[in-house]
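Quick setup: one chain, the form predicted on its own, written in structure tokens, and binding and motion questions come after.
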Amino acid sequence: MAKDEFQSRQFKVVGTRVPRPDGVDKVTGRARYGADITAPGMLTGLCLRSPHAHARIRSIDTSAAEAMKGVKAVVTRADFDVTPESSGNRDVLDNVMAGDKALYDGHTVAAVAATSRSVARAALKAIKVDYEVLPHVTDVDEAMKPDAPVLHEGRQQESVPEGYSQNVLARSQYGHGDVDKGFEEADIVIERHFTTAATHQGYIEPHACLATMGGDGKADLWCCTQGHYHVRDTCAELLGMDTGQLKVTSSEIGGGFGGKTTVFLEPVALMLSRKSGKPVKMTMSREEVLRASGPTASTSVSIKIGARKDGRITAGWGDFRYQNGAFEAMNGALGAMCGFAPYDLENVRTTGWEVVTNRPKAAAYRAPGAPMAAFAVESVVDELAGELGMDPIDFRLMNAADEGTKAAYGPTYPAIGLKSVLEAAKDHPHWNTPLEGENRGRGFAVGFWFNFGGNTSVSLMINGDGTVSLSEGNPDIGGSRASMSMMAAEELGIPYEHVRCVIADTASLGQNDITDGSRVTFAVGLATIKAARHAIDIMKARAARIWGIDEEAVEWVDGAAQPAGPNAGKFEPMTLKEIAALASKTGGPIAGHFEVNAEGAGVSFGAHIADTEVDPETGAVKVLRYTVFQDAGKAVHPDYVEGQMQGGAVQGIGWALNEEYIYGEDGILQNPGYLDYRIPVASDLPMIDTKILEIPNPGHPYGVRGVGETGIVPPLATLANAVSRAAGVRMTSLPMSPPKLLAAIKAAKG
């Protein structure tokens, strides 16, 4: 795809605030989520989970459970006798059903399907597992030590130098220039160490699925997921099925934020259905979600930045150690790539470490790896600005990346909007209104995310009455049905209300990658535009046939075909509806298609301002005011864009102030419920103000950039900078919970 495709134009539908197509169903309860799906003769499936953080499974005796009335199937790892070809799917299999060892508290070791939940629970209690409890490790720095308990033997990559535990699976490095020389040129150098706790995405709907497999080996699966094609491909491999024999349909999704890009229950449900010959439904409890379904990584990060007296950064160095749970991930690499990405640096070097521990496998949480990296880098940047006596925004503007900058992680930036975002923040009343009162502080930070493209397939059908049916293959987690309908309507020149977008199952469209990486509005939007143009070409050809002129002599304007100039003939324009009505007489149904592995996704930058108040008696933090600035490229539906920006800020506030996974010395999660895992509620939050900027992405016809993930990158640092000013002590560990903040305040006072 050409990267110069963007052309400035006046929009009629795109950029407006049309009604959301799923609104009525969701407020009336008609929308069907994962746990709402049922089937005749359905069984209930439940998992037996390890009570230990690390244990060898000597034996599993399921005979008593299998003999119970109402129990129709029991599965263990022995039932999964296929060895996946990819290492990623080997990890998935090890995660969904433990093999030789249980690797974390909550790891599935067996599952049952029974005629009722009560029978299934009784069957779980009847299964006897003989465990040999092993030493465990849950802290990233401890897991890297040579004498740490080892989770996996022989998986360490050659990139890891000697002297580290085998828990360190991989190391990645990025950067350019001479960092040592840069630090020698600096007038001031600040080096700090930071830590962040693991946090959960906090989606309302738990993981759920319904699986049915017939005697012919064909299967159907319904599940709440961010990528049903990924679920299909993974499950088919784990069960030794041909991919085409498994059809997966995605339900409405009650929140995902990256946490539902994974596979947990689905292969188990399919195996239970295969053994029982009945449909099997599985739904996680909230405790299971928190114990076993992939929070974000916890981190230990070291940052060193040098600058001259005039404010120019001379060198940046970062060591990003990410605790990824029991299986490999690439969060450390992403953090190392993102941390310094907002800056134009001559000398920069970063290292990312992927470390496994006895915790559930880390999953994506919006921009995976980036918020923790930004917390560390932006805290030091803020401290440098203070030491130099510079305005925090001016300091960042002096060092900001721009078009043509060689990014800290390698490529050269095309047109980007970082400086525009910074200037908008500097000119905003929030930044220029004095913050009055004691124990109050204002914080500022910027953040970066890549945005992805990927495999995408779209089909657009012109109905006989002039309406349009649009099929895409990505679950709608942020308004994609509205955005696709708007872009189709814009391109076709018809009202938004005449387009209905549906999420197709895996048997109805070509491959579609997961709804992640802020890819959907960009990639699926591009495919939708191209599919609409394909349909337009067909309709222009139909009009040319009716008029008896060449196809090249017809153009499409405002939803109608018309002769392209007086030499083409004098014919009245034919609207889409008129052409559709004659479709059967002019060649048959009219449909547009487009399939692509999309490239040209534009990177995204955001900046946040927060005002906080700290209670010096208790350490409690109150967020007084919050404003988000972000480059959307083109805001297709501003309401959704603002919602994404506000949602990222809210989740970042929780991450910064209260949320954390707490493990005891026994390696058992201490807070597996929302009473003890503290996510923000409405009373914790101010109104989140937003400012959308539109610096077009040259790789998209409408200039679209992804917006869903960037919003969660700056909040951790923004809040840390605000709270540090309010409390009079630099906070380097998240969350800044009241006990931790109070202890820091007391320590600073001696």
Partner chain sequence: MSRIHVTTTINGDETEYLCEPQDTLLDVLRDELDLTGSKEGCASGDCGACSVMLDGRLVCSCLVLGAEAEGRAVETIEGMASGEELHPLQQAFIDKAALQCGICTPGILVAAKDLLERNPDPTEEEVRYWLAGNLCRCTGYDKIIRAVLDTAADMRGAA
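As the structure is a prediction and not an experimental result, all values here were calculated from the model. Residue numbers count along the first chain shown, from 1.
What comes next is about the form predicted in complex with the partner chain, which does not appear here.
(request) Pick the stretch from 671-679, 527-535, 72-80, 188-196 whose residues have a heavy atom within 4.5 Å of the partner chain in the predicted bound form. (result) Single hit among the candidates: 671-679.
(message) Against the partner chain in the predicted bound form, would T28 count as a contact residue? Criterion: heavy atoms within 4.5 Å.
(response) Looking in the predicted bound form, residue contacts with the partner chain include T28, since a heavy atom lies within 4.5 Å.
(message) How about E659 - does it come within 4.5 Å of the partner chain in the predicted bound form, if we only consider non-hydrogen atoms?
(response) Judged by the heavy-atom cut-off of 4.5 Å, E659 is in contact with the partner chain in the predicted bound form.
(request) May I ask you to state whether H200 is within 4.5 Å of the partner chain in the predicted bound form, using heavy atom distances? (result) So H200 counts as contacting the partner chain.
(message) So, Q644 and the partner chain: in the predicted bound form, are they within 4.5 Å at any heavy atom pair?
(response) Yes.
(request) Quick one: from G441, G478, P475, G454, grab the residue that has a heavy atom within 4.5 Å of the partner chain in the predicted bound form. (result) Result of the distance check: G478.
(request) Just give me the single entry in F257, W556, Y229, F450 that has a non-hydrogen atom within 4.5 angstroms of the partner chain in the predicted bound form. (result) So the residue touching the partner chain in the predicted bound form, by this definition, is F257.
(request) Taking the partner chain as it sits in the predicted bound form, which residues of 19-36 have a non-hydrogen atom within 4.5 Å of it? Please list them. (result) Going through 19-36 in order - heavy atoms within 4.5 Å of the partner chain in the predicted bound form - the hits are P19, R20, G23, V24, K26, V27, T28, G29, A31, R32, Y33, A35, D36.
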